[in-house]
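The data below hold one chain only, encoded as structure tokens and taken in the form predicted on its own.
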């Protein structure tokens, strides 16, 4: 077999799921409702969602960098970080789990947890969310689900796949709003 033919076969194989950006089979109690190379959407019968979203990573896109970005963006949207801890994917990629609480616009209390993984090529976020009273049922399973997730795109040398964990992070309270939508002044 020529080298050209071998490279063609390897490239063709990577177009299949063997080289997809991520892999996660639906855990017990979830059905896969959508899938492509950059996302998977699953749903439980009680409307708890489990999603995997993938974005291309950039130079300098470490676990610490993206972890701080995620917490800051969610904090600005009113999410409150409740817990943070290290996790690991099935294929050994370092990740961080962030557990949040928030109140939806309709006043219903919700839970949202995100497990962030970074590889050299991708930023992968495993998300689970639903009504707050359902949180304990799903959050106890999240580390196991994260441990079944495969994250692709690791280099052999100097890989972001073994990034250091972010330091302890916290969300800032969003600015208070008046009835007209302008910020109110608060004393600190």
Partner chain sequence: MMTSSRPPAWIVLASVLVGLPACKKASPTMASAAYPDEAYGGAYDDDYGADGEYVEEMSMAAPESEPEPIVTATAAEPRRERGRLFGNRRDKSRAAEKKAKPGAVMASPAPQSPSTAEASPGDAQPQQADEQPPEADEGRHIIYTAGMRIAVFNLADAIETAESIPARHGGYVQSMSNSQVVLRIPSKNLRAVMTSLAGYGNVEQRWLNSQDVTAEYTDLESRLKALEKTHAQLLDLLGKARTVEEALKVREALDRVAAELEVLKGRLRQLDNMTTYSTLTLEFYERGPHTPTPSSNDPFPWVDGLGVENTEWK
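Residue numbers count along the first chain shown, from 1. Since the structure is predicted, the reported quantities are computational estimates derived from the model, not experimental observations.
Beyond what is shown, the protein has a form predicted in complex with the partner chain; the following relates to that form.
Enquirer: Using heavy atoms and a 4.5 Å limit, would one call residue 80 a contact residue for the partner chain in the predicted complex?
Expert: Taking the distances in the predicted complex, the answer for residue 80 is no, it never comes within 4.5 Å of the partner chain.
Enquirer: Taking any heavy atom pair closer than or equal to 4.5 Å as contact, tell me whether residue 66 reaches the partner chain in the predicted complex.
Expert: Although the partner chain is absent here, residue 66 would touch it in the predicted complex, with heavy atoms inside 4.5 Å.
Enquirer: Considering non-hydrogen atoms and a 4.5 Å limit, does the partner chain approach residue 110 in the predicted complex?
Expert: Within the cut-off, so yes.
Enquirer: Using a 4.5 Å heavy atom cut-off, state whether residue 50 contacts the partner chain in the predicted complex.
Expert: Looking in the predicted complex, residue contacts with the partner chain include residue 50, since a heavy atom lies within 4.5 Å.
Enquirer: Answer yes or no: in the predicted complex, does the partner chain come within 4.5 Å of a heavy atom in every one of 90, 139 and 167?
Expert: Looking in the predicted complex, the three residues 90, 139 and 167 all stay beyond 4.5 Å of the partner chain (heavy atoms).
Enquirer: Hey, which residues along 70 to 89 are within 4.5 angstroms of the partner chain in the predicted complex, non-hydrogen atoms only?
Expert: Contacts from 70 to 89: 70, 73, 74, 77, 79.
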